[in-house]
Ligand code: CS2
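First, one chain by itself: the form predicted on its own, in structure tokens.
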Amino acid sequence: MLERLNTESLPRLPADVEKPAYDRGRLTPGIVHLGLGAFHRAHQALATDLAMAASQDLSWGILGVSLRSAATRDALTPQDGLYTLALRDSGPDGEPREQLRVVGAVQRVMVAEEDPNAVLERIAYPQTRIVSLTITEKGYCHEPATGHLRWDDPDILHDLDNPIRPRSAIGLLVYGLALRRERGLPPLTLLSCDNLQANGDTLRSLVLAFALRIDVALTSWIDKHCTFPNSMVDRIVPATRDDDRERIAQRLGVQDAWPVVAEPYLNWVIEDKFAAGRPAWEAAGATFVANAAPYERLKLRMVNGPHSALAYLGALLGIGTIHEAAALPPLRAFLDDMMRHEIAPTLKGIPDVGLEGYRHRFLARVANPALPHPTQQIAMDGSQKLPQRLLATIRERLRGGDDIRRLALAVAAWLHYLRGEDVAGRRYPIQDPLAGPVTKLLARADVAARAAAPNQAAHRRAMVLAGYRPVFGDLGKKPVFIAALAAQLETLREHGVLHALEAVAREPAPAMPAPDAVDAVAVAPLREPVSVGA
């Protein structure tokens, strides 16, 4: 039985394993992070570790908060918060290679469900200057299509009546900020690091909406003093597997209960709007800008959208991992065409050469065989992801009167995926916060299709599905979208994924109606180069 990774075992690790380049005994907590999952530990926590090593400003230790599960706390507490980050890719010979680094930025892990008042106290701690979040899209308790807080969400309803025992991230933030204000403490920065459109602005609107139900004066204080920078984050981080733990333990010579595996590529763009200072994250490759919107739009459309499309189409084919799906020529060609012909033209202000490089880099990243990333992991929570990953692009294409058939196929693939069965008849669970309503929606769509004339069945099905406003918003009233969705759904139902991919590749672009001038919006240009941190 190997000894455990911890402060005492740290000096005995192999020389080729990178270690924290600062005195962890001098760390003081400056960041409370909600949602201490693998992504945060491979991205923001690593960047904080590198920032403290470069600046020797050790006032940015991280207090990690798991909202419900105790698993991360139970794994990292005996390890003094230490964990291993394994960066994996393939060398020139095609063989997997791996670089290990022990990250030391996390000082302590708490579980909000066990003691929410303790989390509120840490948000109200005088030394806390940043509260950051990676709680996934569904953690914001909002309606994906509109960004509005869902007042019927069970956690929000609970938190309105239980100020000392909130369950939601929004409730924790608002009641924690209320404590800071009551105690005369300075404001802080609330930093969303999730894949939401305008994530900082979205978080701000949700926090202010909840605070307004609690205390008008608190709402004014938050609005005037706290900051909510928008940010773009990018790194592929699959779930840790048992064979990862075994391989990493052999390299370390000690046992790490919860290492994290990721690709070498890392990108982080942040608006430089911090109420009480920040770590020197630029030392880890972060880029600070005045406006993150163009970078966010680029990433959501050219990375997250194709990633979701690949996951749904791959899962329907019974393909287990993203890199296996990306290796299938029809799927890879589909992604390439969708990015070139339907997504890239919506990214105004970015030189074509930059978009081409971004597209090639993405295709290489998802093809990384050293990083088995389950298609089902990317496919989960589609109702929360599609509005910003695919539907926003579709809206813009419709405003220009442009072809959307590939994007429509990606959306149809999500709806077809929700049936819970792949091409071989194998069943899989649907993990989505709206799984119940969407299952009923699919049933209603089938009833509508059966009741319609044979030549109208596909159209009726698409009308019912696209009419689900929490996901599709106003797209259910767009005849061109409904027609495109109906065609792709019918092809998937009758002929399967491979036929749909072949059909969309060989068919000429359909004639599209004139642009809808009423809906037209300007797209902010990307005036600064994208920065990639290693």
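Quantities reported herein were computed from a predicted structural model and do not represent experimental measurements. We number the residues from 1 along the sequence you see.
Keep in mind the form predicted together with the ligand is missing from the figure; the text below concerns it.
Contact with the ligand in the predicted bound form, defined as a heavy atom within 4.5 Å, holds for exactly one of Ile319, Ile236, Leu196, Leu331, namely Ile236.
Arg389 is the sole member of Arg461, Arg389, His416, Arg129 with a non-hydrogen atom lying within 4.5 angstroms of the ligand in the predicted bound form. With the partner left out here, the ligand still marks one of 441-449, 219-227, 110-118, 298-306 in the predicted bound form; by a 4.5 Å heavy atom cut-off that stretch is 298-306. The ligand in the predicted bound form comes within 4.5 Å of no heavy atom belonging to Leu371. Contact annotation for Ile378: at least one heavy atom lies within 4.5 Å of the ligand in the predicted bound form.
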